[in-house]
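Listed next as structure tokens is one chain, alone, in the form predicted alone.
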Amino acid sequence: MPDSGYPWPIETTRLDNGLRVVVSEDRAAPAVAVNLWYDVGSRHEPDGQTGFAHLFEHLMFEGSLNVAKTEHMKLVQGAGGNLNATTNPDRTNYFETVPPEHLELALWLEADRMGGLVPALTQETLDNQREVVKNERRQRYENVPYGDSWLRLLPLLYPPGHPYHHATIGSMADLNAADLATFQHFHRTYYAPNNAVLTVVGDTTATEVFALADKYFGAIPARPEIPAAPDGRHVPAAGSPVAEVVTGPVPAPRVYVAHRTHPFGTPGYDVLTVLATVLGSGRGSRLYQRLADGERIAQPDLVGAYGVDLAHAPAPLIATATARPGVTGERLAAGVAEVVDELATVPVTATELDRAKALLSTGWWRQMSTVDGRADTLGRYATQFGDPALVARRLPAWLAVTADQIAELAAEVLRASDRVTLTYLPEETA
């Protein structure tokens, strides 16, 4: 299979302290993207410490040994750059895109908070950011219709003790119980050079980046033993369908139908990616054609399906639809289940397959069209699979998927006996 999904050069090195450095030169525009992946996410959190990885992401912007509180953002934005960070179950990453003359500034800032955050971390900072995260939970999950669907689906898909059992945002009780010493220990444990990948893409050279990385990160000591996350690769089959019905202030019934599949990055998940596109991407998808346009039981702009790209356990496929007026949640759930079941029995047509691959190709090249999109993707492959060059295989893998493989996968992982169904009902119709 030709490696045609990433035509730019990739050069790598590893510093003496274990930091992996990935560089992809591209002189097309005067911009450079820096992306630092830490191999720590909510899957690493023990009971009683849910939400800590995400809260720590916030703390990383609150000052470090040589950078005052709020100065990190001011320095990057003052240099004409932009920046952000994200946390998910698998990792935490920090990123900025700057003009190439400010690459050194970006690397110094990231090194300072990798090696010098703990001395600047105060109880006041922790208390302030804890409240920010608690408000984020209220605004994004608790006080919007259907907002807690992800919080509910994860415990239905993964049993207690599984690393994906809880959501990244964490629980209010655990956030309230967080103390300063725990977060100081968290930084010392996971924010080490040998637990990170630094990726730089854009208007620079590998020689320049390697030298700057050694200059600013090279003196940060490695941590000899970094605790691994719990093993989540094996999830017992439920043996019977699992369902939950939620009654609340929602405008219409909504259904989520979910199945555990294969980990992101595996051949099975490549097939799943194409399957999900056939099932639920856009007006040509099976869910849209059947439920929105055909039977007219789902709202056209609120029907779809997607895989959640989790790399360390069977990742979920989620199909969802929201009912038109007068349609019950029970009827909607039956309709979604019927379309999902037919993936194993009604062959995917050549037209459906070509359309799905065209959509995936467009999405892939849209992500690859920016230096920050490439930096994030290379960081992911280096962190999760040990080799950034594997990124070139993803698009060819999707394009090689066949209709027979989709049917085989559907029969394997989309069984009704191992299905999770989450249904929301408006209070007045419950």
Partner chain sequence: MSLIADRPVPGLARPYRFPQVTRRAVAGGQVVAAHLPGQNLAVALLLLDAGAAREPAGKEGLGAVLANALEEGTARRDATAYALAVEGLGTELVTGLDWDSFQVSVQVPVDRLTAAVELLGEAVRTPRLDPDDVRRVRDDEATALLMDWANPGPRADAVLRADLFGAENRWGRPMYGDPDSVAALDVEDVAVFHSEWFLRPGTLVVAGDLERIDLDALGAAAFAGTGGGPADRGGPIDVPPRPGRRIILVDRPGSVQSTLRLGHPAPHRAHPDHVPMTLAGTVLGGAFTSRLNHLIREVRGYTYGIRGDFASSRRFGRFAVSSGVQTAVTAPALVEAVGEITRTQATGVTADELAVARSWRAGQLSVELQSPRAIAAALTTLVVYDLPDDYHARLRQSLLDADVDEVSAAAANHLHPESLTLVVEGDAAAVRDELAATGLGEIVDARP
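Numbering follows the first chain given and starts at 1. These figures come from a predicted structure and were not determined experimentally.
Just so it is clear, the following notes concern the form predicted in complex with its partner chain, a form of the same protein that is not shown.
- Looking at residue 226, you'd find every heavy atom of it more than 4.5 angstroms from its partner chain in the predicted complex.
- Contact annotation: residue 112 falls within 4.5 Å of its partner chain in the predicted complex, judged by heavy atom distances.
- Interface residue remark: residue 216 is counted as part of the site for its partner chain in the predicted complex, having a heavy atom within 4.5 Å.
- Its partner chain is not shown here, and in the predicted complex it never comes within 4.5 Å of any heavy atom of residue 344.
- Just one of 173, 358, 237, 181 comes within 4.5 Å of its partner chain in the predicted complex, counting any heavy atom, and that one is 358.
- Site annotation in the predicted complex: the residue of 121, 252, 192, 310 reaching within 4.5 Å of its partner chain with a heavy atom is 252.
- Stretch-level contact analysis of 148-156, 329-337, 240-248, 296-304 against its partner chain in the predicted complex, using heavy atoms and a 4.5 Å limit, identifies 296-304.
- Along 117-151, a non-hydrogen atom within 4.5 Å of its partner chain in the predicted complex is carried by 128, 129, 131, 132, 135, 136, 138, 139, 140, 142, 143, 144, 145, 146, in order along the sequence.
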